[in-house]
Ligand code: DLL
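Only one chain is shown below, in structure tokens, and it's the form predicted on its own.
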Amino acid sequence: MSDVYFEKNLETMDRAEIEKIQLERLQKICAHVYANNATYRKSFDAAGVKPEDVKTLADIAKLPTINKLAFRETYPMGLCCVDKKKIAEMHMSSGSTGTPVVMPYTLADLDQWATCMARCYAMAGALPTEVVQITPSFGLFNGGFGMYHGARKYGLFVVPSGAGNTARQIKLAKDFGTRVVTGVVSYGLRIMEELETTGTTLPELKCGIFGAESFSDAMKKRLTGGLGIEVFDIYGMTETGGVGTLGQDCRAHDGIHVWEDHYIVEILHRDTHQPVPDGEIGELTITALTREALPVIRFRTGDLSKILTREKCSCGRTHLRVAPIMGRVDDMLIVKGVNFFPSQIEQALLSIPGVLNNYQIIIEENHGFTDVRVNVEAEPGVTGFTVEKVLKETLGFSPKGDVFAPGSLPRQEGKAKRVFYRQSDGSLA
């Protein structure tokens, strides 16, 4: 299939034009937040910078950074830059790790979100009028609505199935001829398991767009093979306006294209918060250029990535590509003097023939020392010794762990929980 675009002229414009648009919009958005939000104005003043000091794209480094704490300290909408009467919709994070993050939207913001998401559908090869099945929930979480707004903008036939009831999801896909399925990564695995258990196939399904969780190459291969479709890694978060706002990988599957006419990407050193060279891993930092209600300025996402290239892609798009998210600044684990991320364990586990998709990483405290246990489901014949050997080769030490029969470890219908901490009473949290 040839490459499909939603806004070809904007998705393929040359780098000089991208940077011209970015500078104009950066200057405009800095003036907007400074004039309309006291918190932003105070932070700019504390950094000794005014909007008019931004004369080149490099001047973005003069601006102060923010993180989730800024949202939590100003809950519910203290960072909002428009009158409440202009707000048309809101979404928010779960707040599972603290005060939830709230994102308000004007009508223009909703259209911006829909446009970015429509580009993602096109980049995955979807065509107008094809059937898309949206499995994320429709509620405060932005996933379902983001997929919906984009599908309507692009002209798809929407099956808004929402989360859960996997057997019904499969029936709907068969009955309506679903061509594109969207969801969180772990729910794609649940669909795959149900298909395998029931011996069902979905011959009309051609691609899946998955996000909201870490997405290792090994997991992508599992989903691609298990569902028999092309799989895409979509990126976006509540703070940037929702799913798809930042971008997605294309059919070359060589990094995530970021919509640079809407966002500026920086990679900052995780400790000094200074920019690092292209190709070096650091904290992905985002500035929103076209959002009205709450445009983030140099938002440190906590996600670790790197800029792969700013060169034109084989798909024809010219927007830079970043590496798939490698982990988070705050989810690095340190055990027996070794630093590692949960995604490294997933990559190692899924490289073992017979190891299945469900696993647990359990952090334990034993006599003042931190230890880790890895429990994983596997087919008969896979031994704990094999798992331990592969993990030792990957991590540099041997975690404890056990191999479980297929289907015996807990599952969630939404985002999968992979890392647990053993409490003093033996329970997991």
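Residues carry their position along the shown sequence, with the first being 1. Small disclaimer: the values here were computed from a predicted structure and weren't measured.
One more form of this protein exists, namely the form predicted together with this ligand; it is left out here, but the text below deals with it.
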(request) Tell me, yes or no, whether G236 is in contact with this ligand in the predicted bound form, where a contact means a heavy atom of each within 4.5 Å. (result) yes
(message) Is N142 part of the interface with this ligand in the predicted bound form - any heavy atom within 4.5 Å?
(response) yes
(message) Test of understanding: in the predicted bound form, would A212 fall inside 4.5 Å of this ligand by heavy atoms?
(response) yes
(message) Taking this ligand as it sits in the predicted bound form, is M147 near enough to touch it, meaning that at least one heavy atom pair lies within 4.5 angstroms?
(response) yes
(request) Name the residue from E346, D303, E266, D261 that puts a heavy atom within 4.5 Å of this ligand in the predicted bound form. (result) D303
(request) Taking 4.5 Å between heavy atoms as the contact cutoff, choose which of T318, S186, S93, T166 touches this ligand in the predicted bound form. (result) S93
(message) Looking at heavy atoms inside 4.5 Å, which stretch does this ligand contact in the predicted bound form, given the options 346 to 354, 238 to 246, 127 to 135, 171 to 179?
(response) 238 to 246
(request) Check each residue of 62 to 82 against this ligand in the predicted bound form and list those with a heavy atom within 4.5 Å, in sequence order. (result) none
